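Just the one chain here, laid out as structure tokens, in the form predicted alone.
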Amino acid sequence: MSENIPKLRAALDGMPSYKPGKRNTGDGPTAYKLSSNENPFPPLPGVLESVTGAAGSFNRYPDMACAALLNELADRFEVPVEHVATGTGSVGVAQQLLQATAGPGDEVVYAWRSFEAYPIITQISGATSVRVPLTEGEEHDLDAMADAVTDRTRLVFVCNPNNPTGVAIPGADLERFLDRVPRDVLVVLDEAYREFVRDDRVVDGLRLYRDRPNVCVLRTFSKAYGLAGLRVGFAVAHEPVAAALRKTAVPFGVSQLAQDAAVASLRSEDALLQRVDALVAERTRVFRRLRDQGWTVPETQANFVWLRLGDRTTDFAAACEQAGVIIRPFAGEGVRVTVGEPEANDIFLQTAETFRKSL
């Protein structure tokens, strides 16, 4: 009875669904989840107390303007409060940006492989994805991306560090790229993993945004801050773009729990830096062990590592799961493995060493 099916937008035809990191179902030996780039630490000091206090107001709507959080962010990053906008994680803000900039007939440029939500939210908007392959070194091909910009381009995503490869773009290269992009094309610097960057050559996107009105910086509380389950992210952009984000935001999308937790997290920066430093130290250990085992691993500036395995990708993911860790496979390409607890990392490294001998 197809004539009775409601008519849906053709833009949704063939659209892939977002694939979250596989969860631990409790069946079998799997103990550690290294598939979603989550922070293994518990909430920062003061955060749980803040959320518990806000829980008594479930019957009330949250502050739709997110005023306390916006003011806290503006103070923390020394930007005008009018330049800050929030959303349900950085991916929610990214979708708002597409709603504000792109539609049928427009194009969105991004590297590939990169964050897997980009093609999904682009297709939802009705725009066309222009995917520019990464270099052999798993880096953004910025010259090719600049060449791909046309008069139909409305937005460019630059994931820095890149998810899932972890490679970050040196500031000088990024500035040269921005100089080539027309000023009426919005460039979104997706910096979900900025807190983990230790390469001095990688510039903070907020420095670039200040004198470039077409640059927008995305950040999230899901990774370093450990608030993945509360869904809160933000953008810093010049006022016309930030105002557009407020117009396209889902009303009351960011819960009061998320707002209060984010404010408390920003006020626990000392503890945050200690935890991030610990994860970076573990990242270095994992990276070096993989290199010693003979793997070709791109130098990561995020909280994960990338192994390009081609047609052995699913086999390796299955071996890891059997050993007790869940990782994130991209079939036919490679695996992304979050840096988690030392015990989990050790299981992954042992599995990688054994698997390497079979290649």
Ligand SMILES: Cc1ncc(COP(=O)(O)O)c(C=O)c1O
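This is a predicted model, so every value here is computed, not measured. Residues carry their position along the shown sequence, with the first being 1.
The form predicted together with this ligand is left out here; the points below concern that form.
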| query | finding |
| --- | --- |
| Contact test in the predicted complex: residue 231 vs this ligand, heavy atoms, 4.5 Å | yes |
| Contact flag, residue 190 vs this ligand in the predicted complex, heavy atom cut 4.5 Å | yes |
| Residue contact check: residue 86 to this ligand in the predicted complex, 4.5 Å heavy atom | no |
| Non-hydrogen atom contact residue 168 with this ligand in the predicted complex at 4.5 angstroms | no |
| Candidate stretches 274-282, 87-95, 251-259, 172-180, one within 4.5 Å of this ligand in the predicted complex by heavy atom | 87-95 |
| Position in contact with this ligand when the complex is considered in the predicted complex, options 196, 110, 115, 209, heavy atoms within 4.5 Å | 115 |
| Option touching this ligand, based on a heavy atom within 4.5 Å in the predicted complex, out of 159, 155, 215, 235 | 159 |
| Residues within stretch 202-221 having a non-hydrogen atom within 4.5 Å of this ligand in the predicted complex | 220 |
